[in-house]
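One chain follows as structure tokens, the form predicted on its own.
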């Protein structure tokens, strides 16, 4: 069911990208891709707020072992230092791994294969105040990151590992997605629970060209080479419910699909994989559900089960789907103080593996 870009669309995109030099290139969609080979899995562990104990785990599928990636100290040669305060997002782009550490207000960059540190990108404003980076997207040799404190999106050159531009969006932006379909960025403006817009940024000019009205407190947004983007919004965790919306990238029309998922979800091969958490505002107890449905919306009202063997997670905190295989990885934060767990499920929803990682695993990426 793989959806492929038409030849004209591919050629148009190629003409746009060939002019970009000195940076990692956005690969063109391969009309006949080779089967994905899993070399490893990186897991970002958030750590506790203000505890400076974020960490990066690496799972080697060949040996079925988990290790913690070290970070050499910049001030003490031969010693390692903490990843930082509050891991937030993780992105592989080209040969590099980008790690957002929000409270520390920087992005660490590693070589994907060697796991060696390539640098640290500090995100501060002109007065040296932290910009608190949140989520990442990449396109055309640049990496883009939402910055919560000053309501901006920063642009990073992947060759120099320096910021080379910034654009204002709405208050407290969270999720960001780069659309191959129309070469635009879509940014969820949460407003710390009061926002209800998505900013549209033209990548070529790096300017906000429109805003789209959405549900209250937009959170995670995903897009690719399709004509749709998908957005979760969280509401106010009380009398205004969260939900899930589809944005038509041709005209920016918004369709509300329903009440789930309100938090994180993954998109792979035309299927949305999700977990959903509903909070009881009286005692803050939670109800967790899991599922998957075709992104046309045809099966949204009756999602297929994601877990079929009775496996129960204490506190789901992240989801990722291995490319082309529909193997699902779910992160369990447990008690939010001790090491968390990654559970792996086959396409039939049966658990095939589980391994321990760091405190509050929050993001999973494959290479």
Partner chain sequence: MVKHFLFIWLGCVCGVCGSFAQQDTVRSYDLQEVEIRSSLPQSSFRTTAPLQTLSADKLEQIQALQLSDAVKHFAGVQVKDYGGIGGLKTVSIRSLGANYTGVAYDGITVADYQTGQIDLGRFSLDNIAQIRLTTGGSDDIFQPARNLSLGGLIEIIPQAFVPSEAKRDEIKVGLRTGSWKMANPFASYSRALGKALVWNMSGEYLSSQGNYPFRMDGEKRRRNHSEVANGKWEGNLTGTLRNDGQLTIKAYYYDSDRNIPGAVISGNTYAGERVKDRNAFAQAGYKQTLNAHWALLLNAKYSYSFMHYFNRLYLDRESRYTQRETYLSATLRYRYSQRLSFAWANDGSSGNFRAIHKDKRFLPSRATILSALSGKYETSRLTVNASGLLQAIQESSSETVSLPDRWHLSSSAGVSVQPVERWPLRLRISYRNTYRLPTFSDIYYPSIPNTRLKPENAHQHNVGGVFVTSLGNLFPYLSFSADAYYNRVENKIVAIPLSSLALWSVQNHGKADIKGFDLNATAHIRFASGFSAEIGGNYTRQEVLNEQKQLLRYTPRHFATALATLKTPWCDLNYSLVYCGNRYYNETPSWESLVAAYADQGLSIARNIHYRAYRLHLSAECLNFTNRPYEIVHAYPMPGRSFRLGIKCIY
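Fair warning: this is a prediction, and the values are worked out from it, not measured in the lab. Positions refer to the first chain, counted from 1.
The protein also exists as the form predicted in complex with the partner chain; that form is not presented, and the subsequent description refers to it.
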**OP:** Flag this candidate site as yes only if 75, 336 and 359 all have a heavy atom within 4.5 Å of the partner chain in the predicted complex; otherwise mark no.
**Re:** yes
Subject >> Option touching the partner chain, based on a heavy atom within 4.5 Å in the predicted complex, out of 52, 327, 304, 311 >> reply: 52
Original post:
Since exactly one of 245, 132, 197, 179 fits, which has a heavy atom within 4.5 Å of the partner chain in the predicted complex?
Top reply: 132
**OP:** Would you point out which of 156-164, 198-206, 84-92, 139-147 contains residues with a non-hydrogen atom within 4.5 Å of the partner chain in the predicted complex?
**Re:** 84-92
**OP:** Please run the contact check for residue 237 against the partner chain in the predicted complex: heavy atoms, 4.5 angstroms, yes or no?
**Re:** yes
Original post:
So in the predicted complex, does residue 277 come within 4.5 Å of the partner chain, heavy atom to heavy atom?
Top reply: yes
**OP:** Considering only heavy atoms, tell me if residue 190 and the partner chain come within 4.5 Å of each other in the predicted complex.
**Re:** no
**OP:** Could you confirm whether residue 106 comes within 4.5 Å of the partner chain in the predicted complex, counting heavy atoms only?
**Re:** yes
